[in-house]
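Starting off, we have a lone chain in the form predicted on its own, written out as structure tokens.
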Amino acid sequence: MPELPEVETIKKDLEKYILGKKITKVKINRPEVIKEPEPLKFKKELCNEKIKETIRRGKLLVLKLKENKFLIIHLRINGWLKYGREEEKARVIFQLSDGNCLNYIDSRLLGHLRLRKSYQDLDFVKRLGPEIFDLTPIQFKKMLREKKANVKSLIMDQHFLAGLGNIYAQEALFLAGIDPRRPANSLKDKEAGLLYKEIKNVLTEAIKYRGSSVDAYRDSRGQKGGMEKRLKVYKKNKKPCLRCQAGLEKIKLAGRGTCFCPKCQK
């Protein structure tokens, strides 16, 4: 699933490629990904609209067209956007005034597209927690102290902390030396502060290297990200820990596979 770094990479790319351009035509190959309004109205209301701003909130991407018109794109598990020529495999194609297209690609049809007067009044958005970049260490420590859930599941919970998913939660916990199974409120102030730092660091690094293409994710030019080569524990079950050489282990937490070092992460 695209996490904060992957969606931020797409957002920054689209700022270069599509801002100020008009949507001249919309082609819908799979109408089930259009959640509102109904597909014919969706097409009609998008035509001749100029793209004025790209916005990211957590893992959500939003294109602002007017003060009261927003194209909301929730990529979910396998969705991504490709700018360039029309793609045969695209589920929705937005033809642009520069002659290129913005292709919405989603092999599993799990993503959502919406056209609304506001994106901030969506129930999903209203329930999103803060992003790590908007928190101070003191605020983050206080949030952890109030929760008994295991720390890995908690930092992945979008209502608690927006933008972090399975890849970067595992990486941050490894870098901070924290066992993912520990109750969040068991972390000492020093440990919570280190986790805060490493979440920020791993997300910043992943943005720098344009995300992780561990599954379907590609950037807006169809290129793979470079971060997967730098991942320390994700999908590395039984491989030696980069710190102590002990074998990494894989467990399940809240239904998600989780790799960690049982020796280094306490």
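Predicted model, so just to flag it, every value in this text is computed and none were measured. One rule holds for the numbers: they count along the sequence shown, beginning at 1.
Omitted here: the form predicted in complex with the DNA. The next part is about that form.
Evaluate residue 213 for contact with the DNA in the model of the complex, applying a 4.5 angstroms cut-off between non-hydrogen atoms, and reply yes or no. Contact with the DNA, yes.
Is residue 25 near the DNA? Define near as a heavy atom within 4.5 Å, in the model of the complex. Close contact is absent here: in the model of the complex, residue 25 is far from the DNA, nothing within 4.5 Å, heavy atoms only.
Does residue 5 reach the DNA in the model of the complex, with heavy atoms at most 4.5 Å apart? No.
Using heavy atoms and a 4.5 Å limit, would one call residue 109 a contact residue for the DNA in the model of the complex? Within the cut-off, so yes.
Identify which of 105, 113, 156, 176 has a heavy atom within 4.5 Å of the DNA in the model of the complex; exactly one of them does. For this set of options, the contacting one is 156.
From the list 187, 135, 194, 77, which entry has a heavy atom within 4.5 Å of the DNA in the model of the complex? Exactly one listed residue reaches within 4.5 Å, namely 77.
Spot the stretch among 44 to 52, 214 to 222, 198 to 206, 62 to 70 with residues whose non-hydrogen atoms come within 4.5 Å of the DNA in the model of the complex. That would be stretch 214 to 222.
Give, in sequence order, every residue of 11 to 39 that has a heavy atom within 4.5 Å of the DNA in the model of the complex, or say none if there are no such residues. Counting only heavy atoms within 4.5 Å of the DNA in the model of the complex, the single contacting residue of 11 to 39 is 30.
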